[in-house]
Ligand code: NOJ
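Starting off, we have a lone chain in the form predicted alone, written out as structure tokens.
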């Protein structure tokens, strides 16, 4: 489908729709707009953070919002989960001249008060039903506190682990990302636009291409062609629109020389016209003001351009409220531009039922029953079990409950490390730590073992950088009060008295997430020193890795007896990790991001293009081919990789037909056998490769996956149906096409381990 042709088709459809009778919502909003002043309309486009909430470099003063509310100059508030504060704000808004209710937003990213695994971890379940259930619970908890708009899901595709916000997304693959995006939308919003009091508006972010930031440096520029953007990155945004997403958040980056928050091609041509999105678009925090730094114009100019491009709501820049009236008076914009954006905000409030009952999202009874309940915490534990990737196991796992265990490492008793980044409204200090979970199962000793980093200044920034920057008078606790040598000595002594060591290492929350890009993605040096000392004891070492991104783990992969990547697993993380370590649950998660061997390989991703001088991934250096002198091309752990406590074999790959007409379909089948001694879940993955096309195509593209449960010694047949839609791509002219020819069809346990056959399409 051609983006431009879709635009014309949609214009015709909208022309026909304009002749149909107006709905009750349209009539209501027509009447409301006719009674609103210009200032009130602009006020609806103004979104402020709650008092004290740190958003970019802006912290709203206590009385700032109240002043604007009394004048009817705020459309919404975000950043607070305090029901009393939100109720007070709503009461002030209703008493203003316009009397229009507020919407209340919140960064509910992977849970509200009950926290689930971070989004990157959730994606490794390859289970859209799990993701939808997580979003459903999160929506219920948020709604009970008065929140009716969540800034989630983040669907940015990321191929560079240096980018800290990789933790918030679904990985590197656009197909899997699209399936997960739909699950998030349905979990938050339901399946229609009639919102119950436990359903909230989703906000898809960051639109668009934010995850392609150059060098993995947050807020950096993006350099992509439109074709690469459409094929490699845009599918999750499109899938969210098709699922009925109510709102989108523009991204900080530029694209094709135009900041995303004023990029008409992205917001109007693609999102609205080609994909049919009818909701509203809000900027990310201070993104409009930041367009000035991009060199586009002063605040008045960039505000006008953003509005005209389709950006409806200004988050914390005060660009709209401060300049749109001036731009209107000078003829730079029209009142129709303002009305269009205002209408979209009012429509969202109408659909939420706020004009009927502005307080319908406040419920002390629902809060008591549905927030941080035993049922929700049980769900968090269950989901965290399914999101742990077993990266290595020499047979030591699962551990027997009779083992003498030493639990060591700076993350063993770190409750905040369990909740991870973007857990603003959580009861993070109540999270079950790794130590708690393990010590409830087995008699264990404990030692902190090491600092986070040898560099005290770096550790200070990681632990307390946010407080230093935004909390006046904050007193930094002592850094490194005990020597590294003494801490390691204690850990080694306890390791020697144990049968096995569980080393809890990795990233604390401020080491990943927004504003946390890294040039060195290895395990921090002090923690590596601890692992080497533990290895020297001769005791088996199980490394429990807490992280929000892929790390370079070449030495650890060689030295450790087992590596269990638990990410930041959430409120019940310690219990869930213990469930896997001691065999109560069999790990089944698989990576959705490639783990490099070296940071110098980045960006690194499975669905790359070939070169004119290809070189086998695992082959040694050779002159005049595409490779490195000092490292092989292969990643350490590929996309789709993950081990189990059992083993699976694939056999009998076959197609229902060797040829397929353009309007037909073919079934690809494979037999998967559990050759191990216990039942397990296997994620079966289907990839394609368009062998010859008019534009270069990736060496592999994921086009299907199924999670199957197989008893020990049993086999199952797994079937995938393929049509021309699955084999299509955006060509150089941005036409969505399936070209006739030969396609390689591959099925396997990861992007590296596949069997293939050929399909001819004609």
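These figures come from a predicted structure and were not determined experimentally. Numbering follows the first chain given and starts at 1.
Missing here is the form predicted in complex with the named molecule; even so, the following discussion is about that form.
Participant: Can you check whether residue 384 is within 4.5 Å of the named molecule in the predicted complex, heavy atom basis?
Facilitator: Flag for residue 384 set to no.
Participant: Heavy atoms within 4.5 Å of the named molecule in the predicted complex: does residue 514 have any?
Facilitator: Close contact exists here: in the predicted complex, residue 514 approaches the named molecule to within 4.5 Å, heavy atoms only.
Participant: Within a 4.5 Å heavy atom cut-off, is residue 179 in contact with the named molecule in the predicted complex?
Facilitator: Residue 179 lies outside the contact set for the named molecule.
Participant: Decide whether residue 266 counts as a contact residue for the named molecule in the predicted complex under a heavy atom distance cut-off of 4.5 Å.
Facilitator: Residue-level check for residue 266: no, no contact with the named molecule.
Participant: Taking the named molecule in the predicted complex as the reference, which of 277, 233, 78, 605 has a non-hydrogen atom within 4.5 Å?
Facilitator: When the named molecule is considered in the predicted complex, the option within 4.5 Å is 78.
Participant: Just one of 208, 534, 166, 315 has a heavy atom within 4.5 angstroms of the named molecule in the predicted complex, so which one?
Facilitator: In short, 315.
Participant: Only one of 293-301, 342-350, 279-287, 306-314 gets a heavy atom within 4.5 Å of the named molecule in the predicted complex; which is it?
Facilitator: Residues of 279-287 come within 4.5 Å of the partner.
Participant: Could you pull out the residues of 235-270 that have any heavy atom within 4.5 Å of the named molecule in the predicted complex?
Facilitator: Stretch hits, in order: 249, 252.
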